[in-house]
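Next up: just one chain, as structure tokens, the form predicted on its own.
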């Protein structure tokens, strides 16, 4: 296991190196002069040149990338062009809210999705299966921003039960959590159903049913455990995606996470913050995937690395 983790970490370093190249290149390809944007439209040419020199934008691209990479190794992601605060502080202040939102959405989606998938597989081709399949299709197809606006209109504006935006109250996370959790429910339910149907056709499951073992024990203790590997993969990937992909949800609900920070930084052309968020997204996704791979061996002891 330690050898496998070391090998995965080495591959992760290479992956992060590729992400740094992409993040640096994308920012360089954005239209406009970042020095002029940071200095202000009314700034003089001398002020713009001072900003360009301070940020190292007057150096060749190769030199800029080497300096960018060296700062990352030292844990320095630069300084925000808007607030003049370190990028690590800007991201650190917003990251807990994004993790909280992604965790709520993943937990709700995983629990309800697994239950729905098991019921659909157990009652295959019956009304319950058809209803869950149709609901899953709707959940996967529904745009996140449209669902978020719909929930705000119903539960915040019309009924007044929940806050429409922000994170000032404990109940503020309910609407955005449901919004990003619905897609997870649909995805996990479909994967659980497909995996369970395959396992339920195995001989040992049929034998357990024939011996008179309680249906609940056969389904949850035997079938679900052996069908859980692909489901765990989907849950892990979805959690990593929510950490970096809850941008629309955070924007619609004014949730103070790094997704909304990224949108604001793109509009303000705050390139150091954009680059830092891209790197943090990539790092979190890599860590989540590594944890999921390690959990495989605990879910199924037959898996050896």
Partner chain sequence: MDSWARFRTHKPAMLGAAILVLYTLLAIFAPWVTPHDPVQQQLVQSLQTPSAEFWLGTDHLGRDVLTRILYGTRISLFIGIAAVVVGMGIGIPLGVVSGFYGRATDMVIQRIADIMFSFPSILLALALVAVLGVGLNNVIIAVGVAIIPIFIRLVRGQVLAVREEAYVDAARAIGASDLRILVRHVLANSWAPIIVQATISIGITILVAAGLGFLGLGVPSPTPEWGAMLGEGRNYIYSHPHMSTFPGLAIFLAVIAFNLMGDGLRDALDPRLRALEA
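Just so you know, these numbers come straight off a predicted model, no measurement behind them. Positions refer to the first chain, counted from 1.
Another form, the form predicted together with the partner chain, is not on view; read the next lines as being about it.
- The single contact residue among 93, 103, 115, 142, judged by any heavy atom lying within 4.5 Å of the partner chain in the predicted complex, is 142.
- A heavy atom within 4.5 Å of the partner chain in the predicted complex is found for exactly one of 108, 81, 119, 152: 152.
- Figure note: of the listed segments 171 to 179, 72 to 80, 133 to 141, 94 to 102, the one touching the partner chain in the predicted complex, with heavy atoms no more than 4.5 Å away, is 133 to 141.
- At a distance threshold of 4.5 angstroms between non-hydrogen atoms, residue 281 is in contact with the partner chain in the predicted complex.
- Residue contact with the partner chain in the predicted complex: residue 161 places no heavy atom within 4.5 Å of it.
- In the predicted complex, residue 68 stays away from the partner chain, with no heavy atom inside 4.5 Å.
- Interface membership of residue 185, defined by any non-hydrogen atom within 4.5 Å of the partner chain in the predicted complex, is ruled out.
- Looking at 11 to 26, the residues that come within 4.5 Å of the partner chain in the predicted complex, counting any heavy atom, are 11, 14, 15, 18, 19, 22, 26.
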